[in-house]
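Single chain ahead, by itself, as structure tokens, in the form predicted on its own.
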Amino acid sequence: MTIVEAGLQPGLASGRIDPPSGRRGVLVATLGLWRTRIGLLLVAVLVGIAVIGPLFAPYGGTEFVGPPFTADAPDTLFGTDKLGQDVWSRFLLGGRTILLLAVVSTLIGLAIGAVVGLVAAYNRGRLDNVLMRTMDVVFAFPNLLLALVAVTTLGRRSWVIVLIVAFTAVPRVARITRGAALGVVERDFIGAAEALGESRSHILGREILPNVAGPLLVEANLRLTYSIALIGALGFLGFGVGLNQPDWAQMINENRPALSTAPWGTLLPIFAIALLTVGVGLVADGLGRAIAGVDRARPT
């Protein structure tokens, strides 16, 4: 077969070597798993609370409605917090921050890590060693300690938290992407694309990336889980986005002294963050199982 014939044959030079129903098969298999359905339900409920919850908040996030730490304060559903603010209102208002920061930081980390991994796998040699050793150095730093140093140095700003959380995600995404891409760069359709004069960016983005999308999607879900946990840890330690701003993680830290007398200010955000993390983890697990099952069933 000539190079021109290979370029005209669907699936060789284009890199689309999977059957047309491959992606749909992964989606169907993923949704067919009970763990995925439970995870999606949990995520949908928590995202719904974070997105539309503020519309139903009876009070403002910083409005004083009664004495501090009063479990049965009048006209409140779950009592008041340490400053006499309505716990239920702050809970409904506090989900957007952690969810938005986690999603944005995950997307940034995923994009940068994927580019690093693809470039390393495709070029090999010295550039591969430099990129991966750099990722190893970043990976060696404890994530929480690195985040605390950055927030302390640059200030408690949203963009600082987003960038540092994204930075901690890059090495892991790069490793996964490189590992998945190493087998792809040796395939015949990559050589055919090179022989046809395709640009390097075209080969990376149109030929290699679609063939590592499965592992990358699973890793994206896992990175989102860790982003939620890291941002929550920063908020719990008092390094969130702002003082006395409605935020689930900060609510835990602020109200834990009254856990025995006015527990809901602590328990509500704990349950929310825990269920959100579990839900995302279940979706990631279901997606990974589905991709593995489809790959095993695919004819070689």
Partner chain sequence: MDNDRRRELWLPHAMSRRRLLAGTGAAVLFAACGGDDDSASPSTQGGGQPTGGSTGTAGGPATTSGGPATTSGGPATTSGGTPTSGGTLRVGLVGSTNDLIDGQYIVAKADQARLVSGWDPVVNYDTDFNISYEHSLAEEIETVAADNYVIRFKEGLEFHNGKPVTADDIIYSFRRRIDPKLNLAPGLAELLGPDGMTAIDDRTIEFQLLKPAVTFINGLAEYTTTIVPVDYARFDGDVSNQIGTGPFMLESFTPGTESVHVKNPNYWGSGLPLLDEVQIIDFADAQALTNALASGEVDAAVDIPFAQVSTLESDSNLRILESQAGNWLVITMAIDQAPFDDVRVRQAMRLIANREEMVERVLAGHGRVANDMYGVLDPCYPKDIPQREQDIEQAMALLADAGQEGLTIDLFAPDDTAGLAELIAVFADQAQAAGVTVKAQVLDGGTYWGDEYTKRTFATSFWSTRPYLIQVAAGSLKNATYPETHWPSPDSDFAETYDQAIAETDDSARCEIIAEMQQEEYDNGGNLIPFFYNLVDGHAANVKGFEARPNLLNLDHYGRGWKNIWFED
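Treat the numbers as computed from the prediction; the structure is a model and nothing was measured. Numbering follows the first chain given and starts at 1.
Omitted here: the form predicted together with the partner chain. The next part is about that form.
Against the partner chain in the predicted bound form, the set Gly25, Thr30 and Thr36 makes no contact: no member has a heavy atom within 4.5 Å. Across the options 268-276, 246-254, 41-49, 227-235, residues that bring heavy atoms within 4.5 Å of the partner chain in the predicted bound form belong to 246-254.
This chain is displayed alone, yet in the predicted bound form one of Arg175, Lys82, Arg96, Arg187 has a heavy atom within 4.5 Å of the partner chain; that residue is Lys82. The partner chain is not drawn, but in the predicted bound form it has no heavy atom within 4.5 Å of Phe56. Interface residue remark: Pro68 is counted as part of the site for the partner chain in the predicted bound form, having a heavy atom within 4.5 Å.
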